[in-house]
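Just the one chain here, the form predicted on its own, laid out as structure tokens.
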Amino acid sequence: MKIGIVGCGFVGATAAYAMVMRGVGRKLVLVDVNRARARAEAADISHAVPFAHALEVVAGEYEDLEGASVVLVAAGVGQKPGETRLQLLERNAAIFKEVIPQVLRHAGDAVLLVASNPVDVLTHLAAYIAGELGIPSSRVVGSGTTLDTARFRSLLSSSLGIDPRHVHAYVLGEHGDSEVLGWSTVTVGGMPLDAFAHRKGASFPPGLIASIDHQVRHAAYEIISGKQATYYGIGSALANIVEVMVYDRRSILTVCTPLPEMEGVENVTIALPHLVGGRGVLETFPPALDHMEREALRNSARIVRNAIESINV
């Protein structure tokens, strides 16, 4: 099973390393406009193979993506300290208009997984380009709020003193400032959050809720302020999504893909719980949010839609 990675910066290279550590696929092909960087990353990561899983890791060109089942697109410029994801849009949209057609020319049967920011808008743009080539939008998937959801679950589990794998909670909407934490739909061990917390003798007062919201919503800004980029968390999240696709795991993930309508906003790409498998997004499951959360999700969708319109898609 061949997996392509286009863009060998911090995110793309870390995702490749995470795939080697997890044993995802059989061959990784790294492509970058900086060919020396791609060769160096492929060599460095391949040296970790004896300590992990038997994957072949090579540098290549776009034509070497032929036959890939998944192509991860991490091309683009990084987010600067103090810069919002949406401020990246104009620069990275221009890059995508060059990169996506070249990927699809050689890997037209692959599922595209978009990681570049702002991921919602760039996923929409990639799907628009793919659509012109007759490729369904369900095969163009963005990482969405997968990492934000993991942060939310981790913070909830820490407050409750339990394994985060038993916390079901979602972050929805834009992967950015307007994202929506779905507090009303949180369940733990099959029980609503309030009921489980009561049994544990725990509580979620407004101050704790506000703290968790802040930590989830501003995690990237704080990391970028301290080390200029985020890559370990998103690299691991991307490896997990690729694993779900490559092995057709059919997992419910908060990825993003174009939607005909969401909360009254038409033709928009935001993160929702989607069933993900070998051919991309298979089904969508909009959660039953409370009134305030639905309003927040509508606002988030409008923000993303306005950004999409700014690039005339």
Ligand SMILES: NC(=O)c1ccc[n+]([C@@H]2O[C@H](COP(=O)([O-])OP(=O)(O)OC[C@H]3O[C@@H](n4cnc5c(N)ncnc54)[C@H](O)[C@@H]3O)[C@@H](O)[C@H]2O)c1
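Please read all numbers here as calculations on a predicted model, not as lab measurements. In this text, residue numbers run from 1 along the sequence as written.
The form predicted in complex with this ligand exists for this protein as well; it is not shown, and the discussion that follows is about that form.
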**Report entry** Sole residue of 197, 167, 155, 99 within 4.5 Å of this ligand in the predicted bound form, by heavy atom
**Finding:** 99
Query raised in the report: Looking at 75, 141, 242, 172, which has any heavy atom no more than 4.5 Å from this ligand in the predicted bound form?
Result: 75
Requested in this report: Look at the candidate spot formed by 180, 182 and 254 and say whether this ligand comes within 4.5 Å of a heavy atom in all three of them in the predicted bound form.
Outcome: no
Query raised in the report: Which among 30 to 38, 45 to 53, 269 to 277, 244 to 252 is in contact with this ligand in the predicted bound form, heavy atoms within 4.5 angstroms?
Result: 30 to 38
Report task. Classify residue 17 as contacting or not contacting this ligand in the predicted bound form by the rule of any non-hydrogen atom within 4.5 angstroms, answering yes or no. Result -> no
Query raised in the report: Wondering, does residue 308 line up within 4.5 Å of this ligand in the predicted bound form on heavy atoms?
Result: no
Query - Partner contact for residue 119 in the predicted bound form: this ligand, 4.5 angstroms, heavy atom - result: yes
Report task. Flag residue 95 as yes or no: does it have a non-hydrogen atom within 4.5 angstroms of any non-hydrogen atom of this ligand in the predicted bound form? Result -> yes
Requested in this report: Check each residue of 203 to 236 against this ligand in the predicted bound form and list those with a heavy atom within 4.5 Å, in sequence order.
Outcome: 229, 230, 234
